[in-house]
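A single chain comes next, written as structure tokens; it is the form predicted alone.
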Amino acid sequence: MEETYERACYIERLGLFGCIQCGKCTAGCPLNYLTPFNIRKMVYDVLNSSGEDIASEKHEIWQCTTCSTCSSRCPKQIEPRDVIINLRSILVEDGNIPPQIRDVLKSITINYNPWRLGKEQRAEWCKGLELKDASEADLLYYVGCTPAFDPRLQKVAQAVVKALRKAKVDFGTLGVEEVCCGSEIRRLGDIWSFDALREANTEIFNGYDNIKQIVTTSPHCYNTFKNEYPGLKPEVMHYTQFVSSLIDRGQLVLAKDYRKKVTYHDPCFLGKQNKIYEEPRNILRSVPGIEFVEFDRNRESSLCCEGGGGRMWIEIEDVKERLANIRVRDARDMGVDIIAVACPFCLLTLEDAVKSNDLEGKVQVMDIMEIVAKTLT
């Protein structure tokens, strides 16, 4: 009787009693066609068993990218994505997790980033740029872990700096004091480390009375700060929102021609989860000479790249196809020169797909800010 009561409380906490098993979540899930992952079946199993039993039996819970397509399509406003996060948290608490996940969580605890690199290396991306400290500016540019440490993404952070300086924006960074936002570890189930990071970051950000806005490189950081940091005082914007506003006000002028055929890949954490669709397109359409075309699957129907939800560090075996492969082949068939992205994870996964599909020299993946930087005089 006690076990039944505890299970009922667990199900109620997840808000699952309203589930009518219509299957819209699974029908919309981008992974459903490629893997055994079935979110409707998983919700059904949770309704009929204990969370502990499901977590220990369902190895496919690590396949979910937490893109939230399931949540956005649910007619009962249930959050199937949160079922995955809660099941993962059970495994994290029990220490029953894949080695690569264990290493990521350990790195964040020790180095405050998931890439297993020393915290002292966090500001190497901006060597020679002589950036202001956050205490001296009105706006904080929050770089994020991947743009700070990954050599490919460092170019994106540098392009953001170039544009902000061109627009004469008064901005600064936290340098080596910047720490992980906690987005991916929360989605991997380590909700305790996330709570600690949220508390630490909120204290840091709110401690700067001069900072009125925070601009992020990554949609994952943006989503976390905006929707999961309830005590945060500064306004949070993704760079596409901020740069689009600079262009509209005439504060940033894109002057040089860029005669390329470009399409845009909507990141899940920017589009599906935060409805930011127009600003990235406004930036691209403001580029002189550009020919902009849309993917057939765009905006809320955009195809997930499989980089979110911790999947950057999880290898899924026995999968014949990847969503990123489908995406780059679609771009090839459209005859585009460039797939423009606005997310570090999308850039990495799609670039890997370009290489694995032998499309190097035919299709290029670029962050929007790299395109913007090429048009600045």
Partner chain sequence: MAAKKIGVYICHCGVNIAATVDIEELKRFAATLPRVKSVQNYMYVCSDPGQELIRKDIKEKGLNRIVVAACSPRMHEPTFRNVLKSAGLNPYCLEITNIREQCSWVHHDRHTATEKAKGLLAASVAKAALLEPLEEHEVGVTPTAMVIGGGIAGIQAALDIADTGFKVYLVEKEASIGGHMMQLDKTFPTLDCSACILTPKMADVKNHPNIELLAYSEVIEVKGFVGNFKVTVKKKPRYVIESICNACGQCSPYCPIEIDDAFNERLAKTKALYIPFPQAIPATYVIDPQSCRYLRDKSCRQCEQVCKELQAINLDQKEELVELDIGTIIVATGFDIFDPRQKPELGYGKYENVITGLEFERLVSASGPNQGDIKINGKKPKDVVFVQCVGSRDQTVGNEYCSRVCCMYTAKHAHLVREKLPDAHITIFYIDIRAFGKGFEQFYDRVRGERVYYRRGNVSEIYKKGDKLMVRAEDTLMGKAVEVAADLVVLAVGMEPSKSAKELGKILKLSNSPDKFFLEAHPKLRPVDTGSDGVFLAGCCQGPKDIPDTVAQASAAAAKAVIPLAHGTVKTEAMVSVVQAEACRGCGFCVEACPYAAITLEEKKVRGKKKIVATVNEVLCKSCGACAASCLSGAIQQKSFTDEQILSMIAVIGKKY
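Numbering follows the first chain given and starts at 1. All values reported here derive from a predicted model rather than from experimental measurement.
From this point on, the text means the form predicted together with the partner chain, which you will not see here.
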query: Single option in Arg116, Lys132, Lys256, Lys76 placed near the partner chain in the predicted bound form, where near means a heavy atom within 4.5 Å; finding: Lys76
query: Position in contact with the partner chain when the complex is considered in the predicted bound form, options Asn325, Ser68, Gln63, Thr26, heavy atoms within 4.5 Å; finding: Thr26
query: Contact at Cys22, Lys41 and Ser301 by the partner chain in the predicted bound form, all three, heavy atom at most 4.5 Å; finding: yes
query: Contact flag, Ser89 vs the partner chain in the predicted bound form, heavy atom cut 4.5 Å; finding: no
query: In the predicted bound form, Asp209 touching the partner chain (heavy atom, 4.5 Å); finding: no
query: Partner proximity in the predicted bound form: Asp296 to the partner chain, non-hydrogen atom cutoff 4.5 Å; finding: yes
query: Contact flag, Ser72 vs the partner chain in the predicted bound form, heavy atom cut 4.5 Å; finding: yes
query: Candidate stretches 307-315, 27-35, 332-340, 348-356 - the one whose heavy atoms come within 4.5 Å of the partner chain in the predicted bound form; finding: 27-35
